[in-house]
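First, one chain by itself: the form predicted alone, in structure tokens.
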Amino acid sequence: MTGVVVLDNGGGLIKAGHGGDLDPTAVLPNCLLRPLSSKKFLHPDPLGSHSTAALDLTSAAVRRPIDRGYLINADLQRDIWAHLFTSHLRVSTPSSCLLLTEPPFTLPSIQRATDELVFEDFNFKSLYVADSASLVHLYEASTSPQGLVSKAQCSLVVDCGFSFTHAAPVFQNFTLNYGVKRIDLGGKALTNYLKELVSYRSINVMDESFLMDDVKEKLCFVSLDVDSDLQLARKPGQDNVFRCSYVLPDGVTFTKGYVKDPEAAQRYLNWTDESHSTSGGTIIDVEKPESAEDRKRIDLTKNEFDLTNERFLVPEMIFRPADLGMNQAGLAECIVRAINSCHPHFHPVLYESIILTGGSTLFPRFAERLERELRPLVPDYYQVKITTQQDPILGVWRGGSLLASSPDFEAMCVTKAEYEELGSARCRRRFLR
């Protein structure tokens, strides 16, 4: 069998590698960058590489081929893929198969553009298109052979990605399209909301997408009791366990921003919902670090800003999109609607096998908050069990790698000859898309 290239083509990150491997060969942003120091757009290096760490992305311009989850610039995507296949994967595309991920509800015109890229521009030998939910289900079923997902062959995959959030029921490795529900809110919208909050309260960061992504990933968390935490966030000084400072890069000593005091940023973990309820609304003293006064003072020689309630108000939008003016249900209600769209026989199994994947599920306490929101909406005689993937960012790719290594994979693909004879629309029927 020829080599299989597994490509999880996300709106934020591309995960690419060879079928059968445990981890992808390259994980890199799906975009082109133009730093202030450059006159042309550059290809970003894989995450974690030394050159990426040294590159100053302050106010960098960004061009993305995918907007709101769908391909809008095929020429740009072609450039990014060409660089990926030649410089990182080093594969010969005419002798390789491609397993490609695609979001639900993709328009036929976008599917045709994708097929043209694969077969006409890169001349891949064959293609298989999968959605992320079925790949996540496959991976979770294989890693836990004795678990409910594997035995019942049924699960509900909640994918909180860069562009939007899907709740998709899966049965026997097939996504039930009639039950898929979507919230038009993902990591990009959360970063934009954080940029607006910080720009309004502290310093203009509307052009700092990569910097605010870092702030969101390092400092934001999900609140278990929003009303109590909002009251606590109004406290001055060290009584406010949410207050922390983020230092902006100066372009000379530091090209990346950093958290001023990581220990202080984690103090909120000492606070649980029980702390609020047992204190009766009063604040329990938290042991103050030695240098509390020094940390409270802002160094005016550095560009830095404080975060308090922004830390939990940003992820809160996933549970309450109406607070952003969106006429859409929150994540808990979205899950209930997705399950109610399925046959009643599926309901008990789906509620007990909810799988979280996607980068936006990495916020601390995400699964716990979702279970608290979900429990009042679910009948008492159903159990609710939520599982977060071991690595939510790579979970889809690992499922694709597993599928690509199966002996039946080659027969599932559409070959280039079939594409040229039958066209895109006929070939897509094989993928039930």
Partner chain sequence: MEDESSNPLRRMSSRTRKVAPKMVAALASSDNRTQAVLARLEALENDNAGTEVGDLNDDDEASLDDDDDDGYMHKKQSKSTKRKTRQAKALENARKAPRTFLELLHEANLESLPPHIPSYSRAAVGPPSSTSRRHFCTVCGFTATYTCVKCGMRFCSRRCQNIHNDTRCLKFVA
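Because the structure is a prediction, the values reported are computed rather than measured. Residue numbers count along the first chain shown, from 1.
Although not depicted, the form predicted in complex with the partner chain is the subject of the following passage.
Although the partner chain is omitted here, in the predicted complex all of R34, V180 and E333 have a heavy atom within 4.5 Å of it.
Among heavy atoms of D67, some come within 4.5 Å of the partner chain in the predicted complex. Under a 4.5 angstroms non-hydrogen atom cutoff, the partner chain in the predicted complex lacks R78 among its neighbouring residues. Contact annotation: C154 falls outside 4.5 Å of the partner chain in the predicted complex, judged by heavy atom distances. Proximity of R90 to the partner chain in the predicted complex falls outside the 4.5 Å heavy atom cutoff. Site annotation in the predicted complex: the residue of S209, T114, T101, T175 reaching within 4.5 Å of the partner chain with a heavy atom is S209. None of V384, A26, V62, L42 but one reaches within 4.5 angstroms of the partner chain in the predicted complex through a heavy atom, and that residue is V62.
In summary, the region of this chain contacting the partner chain in the predicted complex, judged by heavy atoms within 4.5 Å and restricted to 352 to 360, 141 to 149, 81 to 89, 198 to 206, corresponds to 198 to 206.
Residues of 240 to 255 include none with a non-hydrogen atom no more than 4.5 angstroms from the partner chain in the predicted complex.
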